[in-house]
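One chain comes next, on its own, written out as structure tokens in the form predicted on its own.
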Amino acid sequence: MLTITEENYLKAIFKSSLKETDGVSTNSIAKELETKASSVTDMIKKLSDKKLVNYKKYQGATLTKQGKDIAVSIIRNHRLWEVFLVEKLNFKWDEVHDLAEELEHINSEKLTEQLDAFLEFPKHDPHGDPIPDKNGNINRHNDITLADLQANEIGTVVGVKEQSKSYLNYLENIQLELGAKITVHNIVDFDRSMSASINNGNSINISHQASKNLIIKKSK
């Protein structure tokens, strides 16, 4: 049995490993968990003793197969619960993360599989993040961000990189939700902000900071 803290560390290492080609540094893990690097070092040693993490000083941490399986299972639980909360209990997409953080630690394979079936096997959570299947396979986004589009190009919103409440509220207020089609009209040279229209209707102005955190599937 693992503690919730230990499970959170495995999840953090897995998420950070998607951004780094080598082992995950203690600083990256500390940033992901908003804690001190010294605390990370102590926990990595514990997880290494449990054969869940491989760690070498100055080379970072990697998950063993068992560690990765646990991390992916937790992520699967989290994203399925987010779908449930939004689709079945009518929570908004900016309200579900903290609740799912608690629910993800319910360790019941039967519950997870029945939840998946009840939701009719969703492929993505409400923020567009892919949901691992029961075998742990996960399809990462290969799409670009809105900031990568040029003037007169069109894309469909398929996910968000930033999931803070303030950012999700901002997107909702300007109707930039999953599935929205956005057409870029003009890009300002000075700050890379852009003017665009949504679903060939409402016109918006969006900052570079906001556009680089919005995942887009470009229309051909």
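Numbers for residues come from their place in the sequence shown, where the first is 1. Since this is a predicted model, take the numbers as computed values, not measurements.
The form predicted together with another copy of the chain is left out here; the points below concern that form.
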Candidate spot Phe14, Leu18 and Asp22, all three touching another copy of the chain in the model of the complex (heavy atom, 4.5 Å)
no
4.5 Å heavy atom contact, Asp94 to another copy of the chain in the model of the complex
no
In the model of the complex, Leu115 touching another copy of the chain (heavy atom, 4.5 Å)
yes
Another copy of the chain contact at Ile138 in the model of the complex, heavy atom, 4.5 Å:
no
Partner contact for Glu102 in the model of the complex: another copy of the chain, 4.5 angstroms, heavy atom
yes
Would you mind picking out the stretch of 69-77, 145-153, 115-123, 129-137 that comes within 4.5 angstroms of another copy of the chain in the model of the complex, counting non-hydrogen atoms?
115-123
Only counting heavy atoms and a 4.5 Å limit, does any residue of 106-127 reach another copy of the chain in the model of the complex, and if so which ones?
Ile106, Ser108, Lys110, Leu111, Gln114, Leu115, Phe118
